[in-house]
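Take a look at this single chain, the form predicted alone, given in structure tokens.
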Amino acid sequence: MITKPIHTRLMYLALFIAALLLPLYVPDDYIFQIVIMSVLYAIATSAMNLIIGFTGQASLAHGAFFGIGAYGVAILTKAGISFWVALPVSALIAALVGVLVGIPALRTRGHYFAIVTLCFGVIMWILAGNWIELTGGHNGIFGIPQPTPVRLPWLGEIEFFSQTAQYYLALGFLLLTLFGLHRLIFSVFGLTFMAIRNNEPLADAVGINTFTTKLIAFVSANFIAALAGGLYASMIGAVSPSAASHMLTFNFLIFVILGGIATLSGAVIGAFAIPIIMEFLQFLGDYRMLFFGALLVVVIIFFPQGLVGGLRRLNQRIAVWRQNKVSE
């Protein structure tokens, strides 16, 4: 198990405290809703980073599994099933679909795997828009019940009708996701993900079952994406084909690239920074995408490892500079 330096742990503690206190400093309900959506996107983006960043497989079906979770919760809760049952059931359905898709798709490599998963994502988007009896078609499903209250010892009944309660619910799932991914990635088994990413033929030669390992990573990422989608549907109260769109996949991909591939913190930073930046660029109207495109190019050129990778390189240079100053 990798032990973090004390200053890194203190930084994470400070960020955790800041996240807990954030509702006190976001008085605007509209901005607060964007923050909640960013938390949900951070969950899905962290899962995408597992398969793309740590395993090296370019999956472009992430939005489809986000949509399976969203539609699953919408359909089941509208049928009278509790949210706390509908959420894991929907995620398990997405995981099962992930197995069915992953078994043939992971037998391909490189561009072909990306194309196969992209095709599946497009198929799911078309189904969501045309299977009117199940999904409501392009009109979607409305009136989705919010998460049902839970009763905890000493705390009484906790409801999730307010934005603040929904924020803490989403934050709790994000923290559980990051904790689970951290334990998985930096375990002995998780290191096989990075072995496959770095050199798959060599990993296969030393006895790693590369196909099974990639399938586990793929299904795990899809399960987490579906959890995020289910939370999204319940908190928004509606779901449409855009929740299963391949364009949503590309949004997650941009979050990963700008935040930092193969870093847990990078996925979170990208999922938070980009939606908020785009919102503050609303005053530019149609030109905001031009500005954002230029920003994307600059980051890719000067920070090829994302914002987190750039900060790490800066930190390393500062450390080297300090050592040189001390040696002088």
Partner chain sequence: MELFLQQVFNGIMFGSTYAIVALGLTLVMGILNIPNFAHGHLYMLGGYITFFFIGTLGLGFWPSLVLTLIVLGLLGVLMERIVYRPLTDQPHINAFIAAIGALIFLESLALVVWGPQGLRIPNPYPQNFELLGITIGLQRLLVIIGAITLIFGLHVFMKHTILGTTIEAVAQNREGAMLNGINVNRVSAVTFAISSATAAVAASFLSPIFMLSPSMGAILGMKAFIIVILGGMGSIPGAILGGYILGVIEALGGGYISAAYKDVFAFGALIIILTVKPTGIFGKKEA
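This one's a predicted model, so the numbers in the text were calculated from it and none came from an experiment. Positions refer to the first chain, counted from 1.
Keep in mind that the form predicted together with its partner chain is missing from the display, and what follows is about it.
Peer 1: Just checking whether residue 158 would be counted as a contact of its partner chain in the model of the complex - the rule being heavy atoms within 4.5 angstroms.
Peer 2: Close contact is absent here: in the model of the complex, residue 158 is far from its partner chain, nothing within 4.5 Å, heavy atoms only.
Peer 1: Test of understanding: in the model of the complex, would residue 104 fall inside 4.5 Å of its partner chain by heavy atoms?
Peer 2: So residue 104 counts as contacting its partner chain.
Peer 1: Hey, in the model of the complex, does residue 254 get a heavy atom within 4.5 angstroms of its partner chain?
Peer 2: Result yes; residue 254 sits at the interface with its partner chain in the model of the complex.
Peer 1: Taking its partner chain as it sits in the model of the complex, is residue 116 in contact with it (heavy atom to heavy atom, 4.5 Å or less)?
Peer 2: Flag for residue 116 set to yes.
Peer 1: Ok, 81, 93, 122, 165: which has a heavy atom sitting within 4.5 Å of its partner chain in the model of the complex?
Peer 2: By the 4.5 Å heavy-atom cutoff, the listed residue in contact is 122.
Peer 1: Going through 268 to 302 from first to last, which residues have a non-hydrogen atom within 4.5 Å of its partner chain in the model of the complex?
Peer 2: Those in contact are 286, 287, 289, 290, 292, 293, 294, 296, 297, 300, 301.
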